[in-house]
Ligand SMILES: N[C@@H](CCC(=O)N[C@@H](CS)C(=O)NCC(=O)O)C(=O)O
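Next up is one chain by itself, shown in structure tokens, the form predicted on its own.
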């Protein structure tokens, strides 16, 4: 049975295609028209009460949140992309995977929205501290786990790549070199091609 991804090319689900391609699984796309608010309709709300994309359906299992979906796919379908339980690398893998939605995204949003928050109270600290920490994850290494690519790079690297692409984070040499390595991944290239084809099919170009 193929996995089904509730998807729109102008949502975070676009990035989930990369995770699916890296996992090497068969999947179907169920387009949700977010332009018309379909993500808040009863069908999706029944699966994901947040009414958000991506939402992955794998048989009787429903997984939401982009980072959770990516890690789920690696654990269940592509164990080579995830350190096993008990592997010392597992901690690093989880750390930077969750750093992306928990620290990078809110720090960027806070900066650009002008939120007045105390860094000692905000779980994401400051924008500047986030950048220093993010660089430390990959400085002197090819990927988050060193020379080995993992699903953490899809989550962490995909977030950095998106933020740099939309000029929300400056492309420092460390970030820029890392993103170039990610963009050489055939799975990312396939995902980008499918996203482009879907935008064209939906008349969004």
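Positions refer to the first chain, counted from 1. Small disclaimer: the values here were computed from a predicted structure and weren't measured.
Another form, the form predicted in complex with the named molecule, is not on view; read the next lines as being about it.
Stretch-level contact check against the named molecule in the model of the complex with heavy atoms at 4.5 Å: of 169 to 177, 64 to 72, 22 to 30, 139 to 147, the positive one is 64 to 72. In the model of the complex, the named molecule lies within 4.5 Å of some heavy atom of residue 40. In the model of the complex, at least one heavy atom of residue 53 sits within 4.5 Å of the named molecule. Though the partner is left out of this view, residue 11 does reach within 4.5 Å of the named molecule in the model of the complex, counting heavy atoms only.
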